[in-house]
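This document opens with one chain alone, in structure tokens, the form predicted on its own.
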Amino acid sequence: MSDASKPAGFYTLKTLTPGAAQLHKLSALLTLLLLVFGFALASPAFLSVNNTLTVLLQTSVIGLLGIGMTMVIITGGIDLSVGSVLALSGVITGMSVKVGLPVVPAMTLGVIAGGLCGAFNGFVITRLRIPPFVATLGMMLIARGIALQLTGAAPISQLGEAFGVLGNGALFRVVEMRENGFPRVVFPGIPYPAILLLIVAIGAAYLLRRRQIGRHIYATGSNEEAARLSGVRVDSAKLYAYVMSGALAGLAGNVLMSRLVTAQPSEGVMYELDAIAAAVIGGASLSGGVGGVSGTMIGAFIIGILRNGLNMAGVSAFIQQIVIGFVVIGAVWIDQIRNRP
């Protein structure tokens, strides 16, 4: 029977059973706990308050990118541009602050710039019918080139203390002054990036599971033809996912550049692989239709803890790249096994 002759009801949605999805998430959670246990045995300082907060800071950027990537992967696409968009958005924010714009409006411009990059990806994919891999690979080069051209490949510094509040500030931080006049941190507080990640994760999970656009995103990735025949505006769902991916990359760029208190046009290289790995480790399927925010958060923490633990163990950055590379391959391999008939 040809596709043209199949009735709308002939098409079925491709999803994992609830039990299989929960089993995958539980296995990812178990892996996370084993990593924590292993690194804690290797170094008692691993579970210290300061190191825990460091992990939260390191994971916040991966988590923000991973949430946007999850939406794109659920539609059956991929976004290789998020690392470069992160850098471009951070540069635009830094340049805006440098010319005198207040920090909040400047960061808003950075997020908008990221969203526009995502919109361009969505337009090229849905209107020009260029495969997501090629379209976002092109945007990766475009965004990185613009960031380097705008700055002359040099970092933008002297952005002021206010610029560093988002990336370095914390809620409930307690500091007391010693008799010698120097401050002592009693409690470092909860980092603002971790709070921001939590808010974004809750909002994205609600959107995907409780709102119509979320159901359309899942339907598009499960079976695009069936979704179209059912009245779903497939192109709009894809465009929305890519805009969200770009905007969250812009937000992640603000967080990262704020931590550095400089706008670095060379930042974000290979961050797209961390985002993809976080989503796939957490249960998202590269063939579309399957995934969730909670699983992506587990995946992001697996990557963050792995990097942090290896750092504390004295493993070189080059070996870390090798380990993360194997993690990416393993995550995709598991996804392939999961989707075999």
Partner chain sequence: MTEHPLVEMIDIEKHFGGVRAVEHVSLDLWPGEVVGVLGHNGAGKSCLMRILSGAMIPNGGEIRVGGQPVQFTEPNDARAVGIETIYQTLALADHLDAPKNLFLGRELKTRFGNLDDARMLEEAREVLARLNPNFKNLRDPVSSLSGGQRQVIAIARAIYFDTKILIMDEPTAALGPSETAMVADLIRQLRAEGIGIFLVSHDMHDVFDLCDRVVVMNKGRIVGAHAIEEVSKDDVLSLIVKGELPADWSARNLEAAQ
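All values derive from a computational prediction rather than experimental measurement. Numbering follows the first chain given and starts at 1.
Only in words, not in the display: the form predicted in complex with the partner chain, which the text now covers.
212 is the sole member of 149, 212, 180, 158 with a non-hydrogen atom within 4.5 Å of the partner chain in the model of the complex. Checking 230, 262, 126, 108 against the partner chain in the model of the complex, a heavy atom within 4.5 Å turns up for just one residue: 230. Taking the partner from the other structure, the partner chain in the model of the complex has a heavy atom within 4.5 Å of a heavy atom of residue 216.
In the model of the complex, no heavy atom of residue 235 sits within 4.5 Å of the partner chain. By the criterion of a heavy atom within 4.5 Å, residue 28 is excluded from the residues contacting the partner chain in the model of the complex. Residue contact check for residue 206: one or more of its heavy atoms lie within 4.5 Å of the partner chain in the model of the complex. From the list 218-226, 247-255, 99-107, 80-88, the contact stretch for the partner chain in the model of the complex under a 4.5 Å heavy atom rule is 218-226. Of the residues in 284-315, those that come within 4.5 Å of the partner chain in the model of the complex through at least one heavy atom are, in sequence order, 288, 289, 290.
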